[in-house]
Ligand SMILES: Cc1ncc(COP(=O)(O)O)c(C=O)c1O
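Let's start with one chain on its own, the form predicted alone, as structure tokens.
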Amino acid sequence: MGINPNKKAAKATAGLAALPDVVLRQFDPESTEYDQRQLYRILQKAVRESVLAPGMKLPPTRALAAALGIARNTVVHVYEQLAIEGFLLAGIGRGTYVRDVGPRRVRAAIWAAGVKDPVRKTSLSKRGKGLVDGAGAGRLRWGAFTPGVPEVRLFPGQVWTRLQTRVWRNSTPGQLSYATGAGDPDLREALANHLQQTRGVACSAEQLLITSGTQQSLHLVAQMLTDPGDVVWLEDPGYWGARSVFSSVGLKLVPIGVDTEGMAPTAQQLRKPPRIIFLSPSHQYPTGAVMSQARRRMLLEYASKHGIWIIEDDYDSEFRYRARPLPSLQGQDAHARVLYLGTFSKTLFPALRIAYMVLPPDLVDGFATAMNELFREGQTIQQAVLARFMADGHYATHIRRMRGVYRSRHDALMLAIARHFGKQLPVLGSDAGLHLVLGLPNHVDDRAVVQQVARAGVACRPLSMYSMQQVDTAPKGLLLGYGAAREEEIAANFSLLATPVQGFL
């Protein structure tokens, strides 16, 4: 006699009534999370928060597996792991029961409704809240027209892998331990040679300090050269990352306007010297303005006279399309007041997390000690690989290749802008870097434009978010990155962007 399918189904789901629907609904069969991990997380949370009460008998493994549409072994492994951790009590032939794991803070009804625990009031500090509220880091890190993202698909990965294998084969215990000093000596030497030849930086290898990113470099500067309440001048509009770092350590931020010659302090502002000036003279971020020689000389003399430190952020000056890269401000500094910041995030790939500072000689030892004390730096193997990558000429070759790639993408974007808008909208910073700014009339809400553009499937950023002014008085525009968009993708994506933009004009 055959088995009645209705009785078989009823038997398979026996015991599921004891499991609250809210627990079953948490499981998502379309999730990218592994079934075992997802079920483990859901059940553990339910036990901890009393959704599954102590003493409750859980469904048989076969029944729960059938209800969720997953393998029975998956449920078996989850039950076994939760039993090992003390959340469940399991015994052959007796079933699986929820154990009492102590005081509960969240009721089942609150958990089911998705409401946060009213008893536990998680409260950020004023500094933490300010950092979160003013955060500029976006979630989208790839595609047209995400600003600041290089083309990582063309990175010579096979070359890097071969060098990395060689470095690992010959690695020393010191390279696998905590880092000490100012960074890999070979990398510092290779960097010094590169910066002298291509950026006009006046330095020796001993002045280089390797960090894990520009943000870490800025944290070190703030910790070592300022005290809470000190004043820092920032370009406005300017790099939000510097604004976040300096405000988080209690510095007073003073926005300084930017014109076609770069940072332009007024006579009134010059009467109150700051402790630090942060600027990007070779390719102002985000407008692309290039600081004139007259403005450079004025600021260097001003810094020398008042004992001011100048932080030069040279984030993407390797890529210029109409002329040779401009020499650094640091190379013109006769009084050792400039700290030069650079990164490999734009020239290689952001996930490498290697950047550097060129420091006045008397600051190097103190900065290196502080970095090791605060951050326990690593990346020693990667630094050694990068040193070999540079010494063998691969770095220079890659930059030359990418300069041609980015120029073609830049020209394709300029052509797309001309086709849709002609000369109706200004274009800023269009001869260097990995982005340009499409200017908008002052009455246009560029943040609303960005939201509309995102609905069309294209990413960009509003120029106003880089300003410390009120939104209604801040300059308006769209930052369009072309580094991560192939030439053949630019026209189609810009068409998607242009339509909502035209609706605001």
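Note that the coordinates shown come from a computational prediction; the quantities given were computed from them, not determined experimentally. Heads up: residue numbers just count along the shown sequence, starting at 1.
Separately, the form predicted together with the named molecule exists; it is not shown, and the next lines address it.
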_Looking at 159-167, 365-373, 310-318, 384-392, which stretch has residues with any non-hydrogen atom within 4.5 Å of the named molecule in the predicted complex?_
310-318
*May I ask you to choose, among 99, 296, 194, 346, the residue with a heavy atom within 4.5 Å of the named molecule in the predicted complex?*
346
*State the residue from 215, 260, 171, 204 whose non-hydrogen atoms include one within 4.5 Å of the named molecule in the predicted complex.*
215
*Indicate whether the named molecule has at least one heavy atom within 4.5 Å of a heavy atom of residue 233 in the predicted complex.*
no
_Please determine whether residue 145 contacts the named molecule in the predicted complex, using a 4.5 Å cut-off between heavy atoms._
no
*Can you check whether residue 335 is within 4.5 Å of the named molecule in the predicted complex, heavy atom basis?*
no
*Does at least one non-hydrogen atom of residue 353 fall within 4.5 angstroms of the named molecule in the predicted complex?*
yes
*May I ask you to list the residues of 266-298 that have any heavy atom within 4.5 angstroms of the named molecule in the predicted complex, in sequence order?*
285
